[in-house]
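Before any questions on binding or motion, here is one chain by itself as structure tokens, the form predicted alone.
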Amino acid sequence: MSLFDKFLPIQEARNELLKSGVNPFHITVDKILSPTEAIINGRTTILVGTNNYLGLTFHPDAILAGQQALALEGTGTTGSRMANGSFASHRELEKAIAEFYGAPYAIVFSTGYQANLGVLSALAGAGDTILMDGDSHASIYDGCRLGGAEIIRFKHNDVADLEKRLRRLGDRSQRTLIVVEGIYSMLGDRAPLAEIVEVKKKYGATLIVDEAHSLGILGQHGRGLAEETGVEQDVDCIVGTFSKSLGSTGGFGISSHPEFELIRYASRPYIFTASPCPSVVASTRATIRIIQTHPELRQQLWTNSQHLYEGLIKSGYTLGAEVGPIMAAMIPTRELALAMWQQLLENGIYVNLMIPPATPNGECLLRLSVSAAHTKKQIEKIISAFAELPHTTPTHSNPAQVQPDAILN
């Protein structure tokens, strides 16, 4: 036996995938043309699987800010903030994200993945308990494991199941961290946050909300589901990423608890990771300003989402959540999903292919993410491309109610 033997099942699965002539997990983007178009396999392709919700990756303000920082501060920081010190721009970005949320404390991480690792592992450790939604992102699972707390999953978006598990914990509930997401990345559904907050307050637990996919999208000012629900003051911590609506890379955590600042001294992912490079920091600060001053981007995103959602429903597809920038068409078999994904790509449409075990309920999904930068003509082309595909999906009277129970990570 060898350490590498554990990879044999993965190799076998990969070989089976390659036999189909489809390899969706090693796509090479030959050239980026705009926030919504690229050259893939030699053809112009509409990008509808990139999470570029507000289309800010080519915004001239963001590009100029990054170029200026690159010229003034160089290509990188060459080390962690704990060892090499913080650049003034790191502090300014933390101030900007804190002011955006109206919170006194903010910590910036090098990636959104590390934001979850860094905050979760520091908040909940040995002797503590974490109650996490079963559909949570892999970074949440990994962050919870890293801290060494006891991890209990509750059924996806099931507040009654959450309360039942809190009740069973007794006095331990006051040392329990509840972890949910604003918008879930597979099916685009939202956490029932108002009800979760009531349960959290009833049992004295702590609540953290991952707003990675809801930042810039939900709420009057784009702060996410907590703002839209009106419970920001009752959420103990928010984590998120700069790599979706903000069109950059990096992650953050914010809180109103003074102790949150001490995470800098307890979070291994923060202490031992090189800090974000100056150009990324500068472009992120620029896109924060853009979403604060251009609410019409959010409005256009919802217009595009409604248009695409209605078009796919009319074409006979079953979608896994309410209207939103994330949509997932449920496909009955793996073989059909692979064939449809390949045909869409050949027709100049790039979407995400999601297959088990990374999907809720073992579903095969064609996942789309809409952008404010998509034109009406592009949305129509996406709808037409889906309509022309041979597909057989189960019929539900209300597709918005189709919800998964758990996700494997």
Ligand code: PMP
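The numbering used is simple: start at 1 and walk along the sequence shown. Small disclaimer: the values here were computed from a predicted structure and weren't measured.
This next part talks about the form predicted in complex with the ligand, which is not shown.
Enquirer: Just one of 136-144, 119-127, 86-94, 281-289 has residues with a heavy atom within 4.5 Å of the ligand in the predicted bound form, so point it out.
Expert: Every other range fails; the passing one is 136-144.
Enquirer: Check G222 for me: does it contact the ligand in the predicted bound form (non-hydrogen atoms, 4.5 angstroms)?
Expert: Residue-level check for G222: no, no contact with the ligand.
Enquirer: Within a 4.5 Å heavy atom cut-off, is Q300 in contact with the ligand in the predicted bound form?
Expert: Close contact is absent here: in the predicted bound form, Q300 is far from the ligand, nothing within 4.5 Å, heavy atoms only.
Enquirer: Can you tell me if L193 lies within 4.5 angstroms of the ligand in the predicted bound form, counting non-hydrogen atoms only?
Expert: L193: no contact with the ligand in the predicted bound form.
Enquirer: So in the predicted bound form, does any heavy atom of A212 sit within 4.5 Å of the ligand?
Expert: It does: once the ligand is placed as it appears in the predicted bound form, A212 has a heavy atom within 4.5 Å of it.
Enquirer: Of these, S267, T241, S305, S255, which has a heavy atom no more than 4.5 Å from the ligand in the predicted bound form?
Expert: Of the listed residues, the single hit is T241.
Enquirer: Give me the residue from T111, T229, N157, T77 that has a heavy atom within 4.5 Å of the ligand in the predicted bound form.
Expert: After the contact test, the surviving option is T111.
Enquirer: Relative to the ligand in the predicted bound form, which residues of 167-187 have a heavy atom no more than 4.5 Å away?
Expert: Contacts from 167-187: E181, S185.
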